[in-house]
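One chain comes next, on its own, written as structure tokens: the form predicted alone.
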Amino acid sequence: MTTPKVILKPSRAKPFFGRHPWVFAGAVERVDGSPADGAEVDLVSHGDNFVARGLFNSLSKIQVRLYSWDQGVSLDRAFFRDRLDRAVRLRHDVLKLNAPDAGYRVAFSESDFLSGMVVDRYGDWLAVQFTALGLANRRDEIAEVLREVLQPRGIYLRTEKGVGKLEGVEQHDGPLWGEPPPADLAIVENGLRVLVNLAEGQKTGYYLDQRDNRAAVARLCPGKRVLDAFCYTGGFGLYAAKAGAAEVLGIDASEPALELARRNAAANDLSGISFETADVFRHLADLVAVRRQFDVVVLDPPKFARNRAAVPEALKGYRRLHQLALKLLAKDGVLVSCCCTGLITLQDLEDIIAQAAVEGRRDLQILERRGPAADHPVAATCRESGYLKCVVSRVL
């Protein structure tokens, strides 16, 4: 059976010979054959040279997601087993993350050459998220491979807001295989016991990408007054309290998340830490109004922009956050600026920080530029996978 072909427009093949996995509809001249959405196709240049093999989706702006640059390779069960084996070897053999009660990212979409799929492990359970129709259609086969490779007790499917419309795929959160996760599922992260809600938590239940950043910031917190804005289920604040902070205040708009944060604090016998449910922007302004001061302020907001049209408003949001944070920082304070909006670059973030410092008449020194933990690698041929920025600064 002949594999359908997707033919590129003239002079549009270079990024894909360079192994970028996203072929947008605007780069496509025509499709030879009648591939079903989710089917295998060969991407070829305008001169009819083979480029790569991928999965087709006429319903998506990303019309082809590329997975193999070897001609004749079938994107079958054996192929995805090999890709998942490669991903697991990084986490187990290189990073040594596979303790029985650990939480870590098993497979990270483009970064593990599995565009459109994320797999996280929380102890004996896996959380899987599909953001591409081609892989979502293969979810039972992929779940079977994950069972073979990782022997979990259960696999839970999580969906991402808006993906159904973008990809033309209908999915619902719920068990994909095995036992449903317990309500009190816990992992151990850098010595902290952390409760994770796979069914209702953000992302796949927890922000595993900030693991190393939380540990790095905690080293700056002993004896300090710490404010953790957008703290979710405890985040940086739990680490700061464990490190011996004099006072920790966590703020988030989600009461269910903060209930879990309080349980996390109790599970670790942490004192001097409290949480308040509030709109973070409004509450920071209230704290400024009453002249509260902190030695460390952490800003770790959720994604502010999902498309380029939303970036200008997102930049305003980040700028306002930093203006408020600088008014709350005491002399020689530490500012931790996190940004998980992939469309906003590290340069953008640093420009915002610098502008806010100038407006606030504060001198600021950047101490560290950090990214996600190593189980969230960046694919050299898809730099968009390097979404998380974390800038640690001293404010004079």
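Numbers for residues come from their place in the sequence shown, where the first is 1. From a predicted model like this one, the values you see are computed outputs, not experimental measurements.
Only in words, not in the display: the form predicted together with ligand SAH, which the text now covers.
*Asks:* Does any part of Ala87 reach within 4.5 Å of ligand SAH in the predicted complex? Heavy atoms only, please.
*Replies:* Because no heavy atom of Ala87 falls inside 4.5 Å of ligand SAH in the predicted complex, the answer is no.
*Asks:* Please run the contact check for Pro312 against ligand SAH in the predicted complex: heavy atoms, 4.5 angstroms, yes or no?
*Replies:* Pro312 lies outside the contact set for ligand SAH.
*Asks:* Spell out, yes or no, whether the shortest heavy atom distance between Glu200 and ligand SAH in the predicted complex is within 4.5 Å.
*Replies:* Because no heavy atom of Glu200 falls inside 4.5 Å of ligand SAH in the predicted complex, the answer is no.
*Asks:* So in the predicted complex, is ligand SAH close enough to Gly317 to count as touching (4.5 Å, heavy atoms)?
*Replies:* No - in the predicted complex, heavy atoms of Gly317 and ligand SAH never come within 4.5 Å of each other.
*Asks:* Among the candidate residues Asp120, Asp112, Asp252, Glu167, which is the single one with a non-hydrogen atom no more than 4.5 Å from ligand SAH in the predicted complex?
*Replies:* Of the candidates Asp120, Asp112, Asp252, Glu167, Asp252 is the one lying within 4.5 Å of ligand SAH in the predicted complex.
*Asks:* Of the options Phe294, Trp125, Phe108, Tyr207, which one has a non-hydrogen atom that comes within 4.5 Å of ligand SAH in the predicted complex?
*Replies:* Selected residue: Tyr207.
*Asks:* Where, among 158 to 166, 171 to 179, 279 to 287, 69 to 77, do residues come within 4.5 Å of ligand SAH in the predicted complex by heavy atom distance?
*Replies:* Result of the contact check: 279 to 287.
*Asks:* Within 296 to 316, which residues come within 4.5 Å of ligand SAH in the predicted complex, counting heavy atoms only?
*Replies:* Result: Asp300, Pro301, Pro302.
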